[in-house]
Ligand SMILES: N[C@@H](CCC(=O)N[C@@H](CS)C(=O)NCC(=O)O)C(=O)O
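Next comes just one chain, in structure tokens: the form predicted on its own.
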Amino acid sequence: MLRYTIHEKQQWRDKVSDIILHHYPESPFSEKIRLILGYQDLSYQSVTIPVIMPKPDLMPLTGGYRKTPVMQIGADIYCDTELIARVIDHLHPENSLYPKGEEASAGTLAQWSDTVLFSLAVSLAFQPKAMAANAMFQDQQRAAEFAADRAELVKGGTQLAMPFEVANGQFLAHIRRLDNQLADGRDFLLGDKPSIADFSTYHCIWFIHNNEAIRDIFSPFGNLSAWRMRMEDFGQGKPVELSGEEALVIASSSEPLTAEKQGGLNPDEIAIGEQVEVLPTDYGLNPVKGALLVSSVEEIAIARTDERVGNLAVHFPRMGFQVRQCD
């Protein structure tokens, strides 16, 4: 888990209403975070970003990281939903998504859903029948721009999706297992309350169900469908629209709240203050460079300065990311 001093915790909790979510409506991982904000009944500021590059009001904050969503609190920038969910949980711990005694079960299932299940869902969502029903792909130029953008996103990384003919059977096998797990009357995957495993699984199901042309794949799975509707009922919290430029002004008028920390376990053996670059281990391999600020088994953060917004702390989860020294 993330570790903060009592003073730091109070600083973060004072900032709970200052959450800014940079996202776009069609983004599955954004839906994961929107639903968590709904479950926690939180207010937040919502910045709608472009679906494809360029993203001129986001890059100054992230230093090049381009995946969606990104969460901002003042001049602290959080990348990847693995970390964003944990930070929200610390801000609002009353309904924790990480049940005591089941941290490994919940975290492992969440990671599996965010990687394996999501990659299968991508294949189903971009099969010809699904694309024909997707409004985004009715405009040939827009479709071509999207394809080029996503090709750039995965360049040099691991393949995001597999052929539909392979993925379809695997996806069916997985959702049958999920349906069976919900057959004993439990409301959620690990019991009577939702955990991070539910939210990570939900966004993959939502991605498919959101397309009317292919949602009938869930028809045989009544338990899973009932679970999906229970999750959907949490809503998306209380968003207030904010422009990208306004979010940059908030960052420029703030200073990062993050202090230097080196955990007792330092997997990289890199000293705080060293110049490093951080990037994902799967795809979207755009390195973010700065001075190492936090290094622990759960979190990496770097300090960087941008000419438009000043000093920033950019945070990443340890899971799914790599950090290495650079000049």
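Not measured: the values here are computed from a predicted model. Start at 1 with the first residue shown and count on from there.
There is another form of this protein, the form predicted together with the named molecule, and it is not shown here; the text below is about that form.
Though the named molecule is absent from this view, in the predicted bound form it lies within 4.5 Å of a heavy atom of just one residue from 291, 42, 51, 285, which is 51.
No residue in the set 90, 198 and 316 has a non-hydrogen atom no more than 4.5 Å from the named molecule in the predicted bound form. Contact annotation for residue 68: at least one heavy atom lies within 4.5 Å of the named molecule in the predicted bound form. When contacts are judged by a 4.5 Å heavy atom cut-off, residue 228 does not count as touching the named molecule in the predicted bound form. Using a 4.5 angstroms limit between non-hydrogen atoms, residue 63 is distant from the named molecule in the predicted bound form. Using a 4.5 angstroms threshold between heavy atoms, residue 153 counts as touching the named molecule in the predicted bound form. Stretch 73-81 is the contacting one of 234-242, 73-81, 131-139, 251-259, since its residues have non-hydrogen atoms within 4.5 Å of the named molecule in the predicted bound form. Of all the residues from 205-234, none has a non-hydrogen atom no more than 4.5 Å from the named molecule in the predicted bound form.
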